[in-house]
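Below you will find one chain, with nothing else, as structure tokens; this is the form predicted alone, and questions on how it binds or moves follow later.
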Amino acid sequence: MYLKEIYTIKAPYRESMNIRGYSFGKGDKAACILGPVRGNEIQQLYICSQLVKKLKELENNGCISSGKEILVIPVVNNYSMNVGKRFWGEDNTDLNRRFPGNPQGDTTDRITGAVLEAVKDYGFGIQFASFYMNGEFVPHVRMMETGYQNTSLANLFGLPYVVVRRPRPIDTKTLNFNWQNEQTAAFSVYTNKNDEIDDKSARQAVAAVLRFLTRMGIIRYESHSGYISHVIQEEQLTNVHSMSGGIYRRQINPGEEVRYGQIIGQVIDPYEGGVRENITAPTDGVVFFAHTQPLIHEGDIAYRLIHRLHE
């Protein structure tokens, strides 16, 4: 293992911001694993730290395949992480909406430009990402529909679901989209937490990456087979909206099955304590996403369901 300096920003009143990568093995740029681009992605940082630990152990045991290099960048936006902010601390910019970057641009453009330049030549790219809405997911792999996506490869992670997202204009500024445009097979891996640690899903994510690297011949590792992934298009998910605002009481967790008409959540009047709304399932299915914040607004997505057809 050796350290790679990806990019450094000098600061007048504090330590320089150093983006570093951990490189394992030597040879072809086989796979790159990227951690937090946003400052509240603590779970994603934790997962990367566990991957660094495991890959170091595998390298010491001679289990990195000959002629293969793996790069792990545990964190990109450590400035925001240090001050407890999700976005870039100076101007509240979302770094994951600044790709492909610009070496002559402002600070965030220079950061993302340097990161993309460092990772664009790897055959496989894995990003531990978070969603724009607060909530918990069933662990899954997400891909942009760019024409370069390959769901058969995504199945090799062995996670329960593979989600293919048709990009909107704002998505063209993400790392996943631009990584694929550089001919890298790019995958975003989601677990069920962001700003707190969940050991169970973290272990599942680490195992999924090691399983993928093993199946692609990059490492030698004994791994369990995992799930046979179910591929879904994001537009096939059923959104369940709250029709009123108030204190939110969740009654169903991601991965659980629901029936049509079942009460899956409640909105409580914050002043009088009564039930303003019973949120019910509009279809039979499996909970893919669940809102987790204690307050909910009118029109917010409380759940996203994977519709289950009757056989």
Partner chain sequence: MIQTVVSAGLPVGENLMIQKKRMMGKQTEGPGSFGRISIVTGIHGDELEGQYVCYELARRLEEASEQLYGIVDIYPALNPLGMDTRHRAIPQFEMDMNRIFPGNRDGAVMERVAASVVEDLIGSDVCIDVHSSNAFNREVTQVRISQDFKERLLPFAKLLNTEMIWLNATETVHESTLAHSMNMLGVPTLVVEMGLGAAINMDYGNRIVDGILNLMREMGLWKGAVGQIRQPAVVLDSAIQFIRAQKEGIFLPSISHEARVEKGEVLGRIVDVLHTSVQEEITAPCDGMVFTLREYPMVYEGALLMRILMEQGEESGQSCT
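Numbering follows the first chain given and starts at 1. On a predicted model such as this, the values are computed, not experimentally measured, just so you know.
Another form exists, predicted in complex with its partner chain; not displayed. Remarks below refer to it.
Novice: Would you say all of S66, Y227 and Y260 touch its partner chain in the model of the complex, counting a heavy atom within 4.5 Å as a touch?
Specialist: No residue of the spot touches its partner chain in the model of the complex.
Novice: Since only the chain is shown here, I'm wondering whether G245 would be in contact with its partner chain in the model of the complex (any heavy atom pair within 4.5 Å).
Specialist: Residue-level check for G245: yes, a contact with its partner chain.
Novice: Please tell me whether any heavy atom belonging to A290 falls inside 4.5 Å of a heavy atom of its partner chain, as the geometry stands in the model of the complex.
Specialist: Contact check for A290: no, nothing within 4.5 Å of its partner chain in the model of the complex.
Novice: Residue-level contact is defined here as any heavy atom of the residue lying within 4.5 Å of its partner chain in the model of the complex; does D91 satisfy this criterion?
Specialist: Answer yes; at least one heavy atom of D91 falls within 4.5 Å of its partner chain in the model of the complex.
Novice: Taking any heavy atom pair closer than or equal to 4.5 Å as contact, tell me whether V231 reaches its partner chain in the model of the complex.
Specialist: Contact with its partner chain, no.
Novice: Under a 4.5 angstroms heavy atom criterion, identify the one residue in E145, D195, D198, D106 near its partner chain in the model of the complex.
Specialist: Partner contact (heavy atom, 4.5 Å) among the options: D106.
Novice: Work out which of R110, R203, K120, R215 lies within 4.5 Å of its partner chain in the model of the complex, going by heavy atoms.
Specialist: Checking each option against its partner chain in the model of the complex, the one that comes within 4.5 Å is R110.
Novice: Okay, which stretch from 112-120, 217-225, 233-241, 153-161 lines its partner chain in the model of the complex, with non-hydrogen atoms inside 4.5 Å?
Specialist: It is 233-241 that comes within 4.5 Å of the partner.
Novice: In the model of the complex, which residues of 24-51 put a heavy atom within 4.5 Å of its partner chain?
Specialist: Residues within 4.5 Å: none.
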